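Presented as structure tokens, the chain that follows is alone, the form predicted on its own.
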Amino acid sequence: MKRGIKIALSIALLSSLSFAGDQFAMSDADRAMYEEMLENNPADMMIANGSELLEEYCGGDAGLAAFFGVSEEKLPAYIAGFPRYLPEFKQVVGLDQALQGLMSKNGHKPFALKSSDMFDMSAYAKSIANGEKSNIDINANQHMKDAYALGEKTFIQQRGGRGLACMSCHSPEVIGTILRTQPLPDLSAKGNAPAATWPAYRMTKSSLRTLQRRFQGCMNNALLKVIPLGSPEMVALEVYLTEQAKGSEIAIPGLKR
């Protein structure tokens, strides 16, 4: 039987607005809209579409579990461990890339990683793990160790004419300060860690986005060369931040300004 759609939105999402400088984060109207969307996240419809897509192209939850070689009962915990090394891919992959592989195996042309259909399907697939703790294992094998090391390097590496890095806006020294009217978040904050709350609905984009797509948005804003979705560096960056979020409860779809 197909698993029922599980929607889990943590109250902790609001906590990111409660530290110093939150008076700049949202107008009263935007805050009221945000609080309403916590109860009625527009992405819920996209998650439902993702469930239908997974059923059509991947055989639903059962097909996904069979592809990963686990029981449906263990599927949520398995998904909570992504990104992970998959032998059939011979590399560390994100959940969306695994879905591409399953679509191809089933004789379908895979959705592009930046397509709305892939965003919807990967968001539903990750929502299967709602309520689970993020359990990525960077010591599972050398591939994961290497991916973590590359992700850390990508996070701290200065690039572009301004010499900016992810660390420039997310080091402990600057967390909570204001940039473009927004407090800079702690990417490892338990209960609101990005790796546990993306894919998420972005109010300013009126659309569902994945974590890697959000990385690209940051790179664009910083005038950095954008790293391609699904590239070794981008997957490694997700590995690095997912490790920081280890132990956080997965709650998909998230809601972000």
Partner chain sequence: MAEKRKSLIKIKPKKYKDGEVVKVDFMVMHPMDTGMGKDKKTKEIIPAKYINSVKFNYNGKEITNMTVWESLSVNPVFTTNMKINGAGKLTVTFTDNTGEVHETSTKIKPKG
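Here the structure is a predicted model, which is why all the values come from computation and not from measurement. Residue numbers count along the first chain shown, from 1.
The protein also exists as the form predicted together with the partner chain; that form is not presented, and the subsequent description refers to it.
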Examine residue 201 and determine whether its closest non-hydrogen atom to the partner chain in the predicted bound form is within 4.5 angstroms. yes
Can you tell me if residue 212 lies within 4.5 angstroms of the partner chain in the predicted bound form, counting non-hydrogen atoms only? no
Looking at the partner-bound form in the predicted bound form, is residue 55 within 4.5 Å of the partner chain by any heavy atom? no
Please tell me whether any heavy atom belonging to residue 51 falls inside 4.5 Å of a heavy atom of the partner chain, as the geometry stands in the predicted bound form. no
In this chain shown alone, the residue from 229, 65, 195, 46 with a heavy atom within 4.5 Å of the partner chain in the predicted bound form is 46
Scan 218 to 257 and write down, in order along the chain, each residue with a heavy atom lying within 4.5 Å of the partner chain in the predicted bound form. none
